[in-house]
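In structure tokens, one chain follows: the form predicted on its own.
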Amino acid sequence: MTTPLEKARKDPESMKARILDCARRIFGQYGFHGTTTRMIAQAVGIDISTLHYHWGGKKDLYESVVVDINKDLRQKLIEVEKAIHGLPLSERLDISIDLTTDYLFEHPEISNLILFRYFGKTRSNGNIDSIIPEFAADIARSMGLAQDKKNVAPETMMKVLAVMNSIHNFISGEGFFQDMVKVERERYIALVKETLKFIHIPAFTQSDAK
């Protein structure tokens, strides 16, 4: 049976897709507990019964949003891996930081939802959370830091998580950090990428050279 999420992704102009798009944005702003289905329905311009008809309850819609962002993030990581394949580690890191950071700044709800879900108290039982460790293992393999994603050393996994966490925090905390450094958004994004490269490229390449 085709799921509501599969239908929404297949037809981006459908009501299911419109609801999903608004739900991503609002859950990303307020988290699971701070969001109501009424807020989402109002943003779409529909009554709440229409939302429930297409997606069921809030938990069903939220879990679909989480799966949706994970699918999008997986596709982006595949694209990044194709772009960096075969390059020296320093170049792989440089390009990966640029492409990933630009993508997440275009879709800040992804970083917000990841931080809300995995560091807050909005998790629920299910196996979709296994995707995040899989992402980290895929990154380790594509960086040449592990032979395959099933055999990633704990030390390597922690280094990859350090990169992922720093990117997500700069994006999720944009309003707070941008005000602190007192720059326009375009300059802030450039500074984030510059800072990430300043921290992570020497750390990875020095370790790689030993």
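Quick note: we count residues from 1 along the sequence shown, nothing fancier. This is a predicted model, so every value here is computed, not measured.
Just so you know, the form predicted in complex with the DNA exists too; it's not on screen, but the next bit is about it.
Looking at the partner-bound form in the model of the complex, is K58 within 4.5 Å of the DNA by any heavy atom?
Yes.
State yes or no: in the model of the complex, is some non-hydrogen atom of D47 no more than 4.5 angstroms from a non-hydrogen atom of the DNA?
Because a heavy atom of D47 falls inside 4.5 Å of the DNA in the model of the complex, the answer is yes.
Although the partner isn't part of this model, could you tell me whether Y53 comes within 4.5 Å of the DNA in the model of the complex, counting any heavy atom of the residue?
Y53: contacts the DNA in the model of the complex.
Residue contact check: K182 to the DNA in the model of the complex, 4.5 Å heavy atom:
It does not: once the DNA is placed as it appears in the model of the complex, K182 has no heavy atom within 4.5 Å of it.
Going by heavy atom distances of 4.5 angstroms or less, which of C22, M15, I189, I201 would be at the interface with the DNA in the model of the complex?
Comparing distances to the DNA in the model of the complex, the residue within 4.5 Å is M15.
Could you tell me which stretch in 139-147, 64-72, 35-43, 157-165 has residues with non-hydrogen atoms within 4.5 Å of the DNA in the model of the complex?
Selected stretch: 35-43.
For the stretch 139-156, return the residues whose heavy atoms include at least one within 4.5 Å of the DNA in the model of the complex, in the order they occur.
Counting only heavy atoms within 4.5 Å of the DNA in the model of the complex, no residue of 139-156 makes contact.
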